[in-house]
Structure formats: C-alpha cells, structure tokens
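Take a look at this single chain in structure tokens; it is the form predicted on its own.
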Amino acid sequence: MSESTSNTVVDRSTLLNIVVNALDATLAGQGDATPSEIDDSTVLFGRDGLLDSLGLVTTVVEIESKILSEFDASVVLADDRAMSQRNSPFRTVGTLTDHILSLLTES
C-alpha cells in the first residue's frame, strides 16, 4: 500500500492538516463555502457530508499528491481494503486521517 522512506516521521496533526487543506481546496474549487470549523468529526461523505462523489475523488487525489510531496510516500487511499471496511474511512475527517496514518505506519 505504501512505500515510505525509513527516516520519515508520520505525525497525525500533519496528516490532519493535509486532509483539511485538501477539503478546503475541493470545496473552494466547487464554489462551496468552507465550514468555519473543520475538525475530526466533520462529515466528508454520506448523509450530511460536505462532498459528493466527485468531490471525494478530487479530495483523495489531492491528499495522495500532498502525501507524496510531504512524506515521499506513495499511498492509494481508495483501494479494495478501504472500500470493503464496514465503517468507511471516508466518513469523517478523523476517520480519513486515521486511515492515512494506518497506511503510512504499517510495515
């Protein structure tokens, strides 16, 4: 799933910022207003979510690109494992951040 350099330190707060910035960029690109406060519980996709399916894909691509540049790591966020989980990793900002952290720290 991921290839990272051995000296890369993965920090959850950095990943959270990457997710929030990607979400901001996607919403701005769609002409949607960004909520004043985005946190772990902000719903991304599904009932009451900020993103439609195209917005989710755009956000995921932006996150994958930013992870590559920040951590020199290649990840695929929307793989079979993510799609088959009972609780979607794309539901909230927090679940997506935790999913990314898991992919980057697995050996």
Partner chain sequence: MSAEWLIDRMRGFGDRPALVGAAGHHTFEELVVEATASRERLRDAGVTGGSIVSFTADYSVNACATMFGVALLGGVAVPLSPDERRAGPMNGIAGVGYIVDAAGDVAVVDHSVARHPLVAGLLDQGAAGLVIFTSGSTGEPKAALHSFDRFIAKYHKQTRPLITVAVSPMDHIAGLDTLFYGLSSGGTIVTVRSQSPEDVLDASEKYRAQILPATPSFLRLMLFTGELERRDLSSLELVAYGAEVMPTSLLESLQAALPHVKFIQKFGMTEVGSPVTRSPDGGSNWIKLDPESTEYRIVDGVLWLRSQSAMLGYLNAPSPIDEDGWLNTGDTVEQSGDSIRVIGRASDMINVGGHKVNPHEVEDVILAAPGITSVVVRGEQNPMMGQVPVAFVETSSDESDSELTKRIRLWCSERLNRWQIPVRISRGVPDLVPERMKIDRRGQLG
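Here the structure is a predicted model, which is why all the values come from computation and not from measurement. Residue numbers count along the first chain shown, from 1.
Missing here is the form predicted in complex with the partner chain; even so, the following discussion is about that form.
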Taking any heavy atom pair closer than or equal to 4.5 Å as contact, tell me whether Phe71 reaches the partner chain in the model of the complex. no
Heavy atom to heavy atom, is Ser88 within 4.5 Å of the partner chain in the model of the complex? yes
Check Asp24 for me: does it contact the partner chain in the model of the complex (non-hydrogen atoms, 4.5 angstroms)? yes
Decide whether Pro35 counts as a contact residue for the partner chain in the model of the complex under a heavy atom distance cut-off of 4.5 Å. no
Going by the partner chain in the model of the complex, which residues of 49-84 come within 4.5 Å of it through any heavy atom? Asp52, Ser53, Leu54, Gly55, Leu56, Val57, Thr58, Val60, Val61, Glu62, Ser65, Val76, Ala78, Asp80, Ala82, Met83, Ser84
